[in-house]
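This document starts with one chain, in the form predicted alone, laid out as structure tokens.
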């Protein structure tokens, strides 16, 4: 069994609101070429197993791992699909290496959201077929219910949620990968169109097309490949109730449990004073605040106050989504978790460019599978 596992190569393509000139295979290929060059490996000789993150309903085909070997250089190699978020794929690759049976594994996640003409209907199909789907609940309607309950239980305000949008979209202006950067006032955000009260249109992340590939290696192999491995200190994931009728609405117990698993593996219980920065879920503005509280960075009701006070700004005590998050970079469907992990890796390697943070050694990535799921994952990474 391998003691430690590192991310030794990263590559990405995108991110754009539309990519009519490129297929998902071309996006993956470009990302893979970059990741393999970064890691200094040849996929045909060095990589022993491959993981692809995809949901058949999004792709329009089943057994999707049969559609990725060519562009990943994985022909005649073990390839399998994780129908979950990108961090679930990263966790799978981590475990494959951790077992000691593989020394080098690659994981891929991608989004061609612009190709899905009926994405709201496809997403709604995930709802319970007996109790919820016949009611034709819109996905944003469910998010609006959750946001309203969160605000009610914690005393968080719409203005504090709007501050998340303002911060992340402003951060995105310094990120060349982010297509949704903007300098918005709180009034711009609060006076925008409503999706499902109190959820506004600007509280919701738009979608992006793109792809991400990461190469993971065992400790002995990683030290021979390059001089900037990023170590996976801990990973955790958890699923709560799948039904809308039997879940917590004001808090995220599944993120709490996923974080506890990751923290325990990393050797600590409380992230405060250990985690230097975080890239977390902001599919909706209120989710960033919910997630901060579930991750243990603050008590219920305090995340909005911290955001208003500037603690989560790039120059604050705990920078959150310095990249712009999904609100600034776009939501990449199943690859969203990998996008958050990629940003953590770039920061820890000192390669984030204009939005590079100072003196960071330990970062956290967190993701959520999206409505109607209660499925999340957490990764703690260090340089």
Partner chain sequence: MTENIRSFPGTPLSEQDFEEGKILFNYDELNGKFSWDTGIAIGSYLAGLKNGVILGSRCSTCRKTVVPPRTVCEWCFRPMQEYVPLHDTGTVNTFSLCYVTWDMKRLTDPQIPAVIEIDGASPLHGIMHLLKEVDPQKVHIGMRVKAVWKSAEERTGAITDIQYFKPVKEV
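Values in this document were obtained by computation on a predicted structure and should not be read as measured data. Numbering follows the first chain given and starts at 1.
A second form of this protein, the form predicted together with its partner chain, is not displayed here; the remarks below concern that form.
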query: Contact label in the model of the complex: residue 59 to its partner chain, heavy atom within 4.5 Å; finding: yes
query: Close approach of residue 355 to its partner chain in the model of the complex, 4.5 Å, heavy atom; finding: no
query: Contact test in the model of the complex: residue 107 vs its partner chain, heavy atoms, 4.5 Å; finding: no
query: Residue 19 within 4.5 Å of its partner chain in the model of the complex, heavy atoms; finding: yes
query: Contact at 36, 44 and 129 by its partner chain in the model of the complex, all three, heavy atom at most 4.5 Å; finding: yes
query: In the model of the complex, the one of 202, 112, 140, 177 near its partner chain [non-hydrogen atom within 4.5 angstroms]; finding: 112
query: The unique member of 234, 73, 271, 84 whose heavy atoms fall within 4.5 Å of its partner chain in the model of the complex; finding: 73
query: Partner-facing stretch of 163 to 171, 141 to 149, 248 to 256, 115 to 123, counted where any non-hydrogen atom is within 4.5 angstroms of its partner chain in the model of the complex; finding: 115 to 123
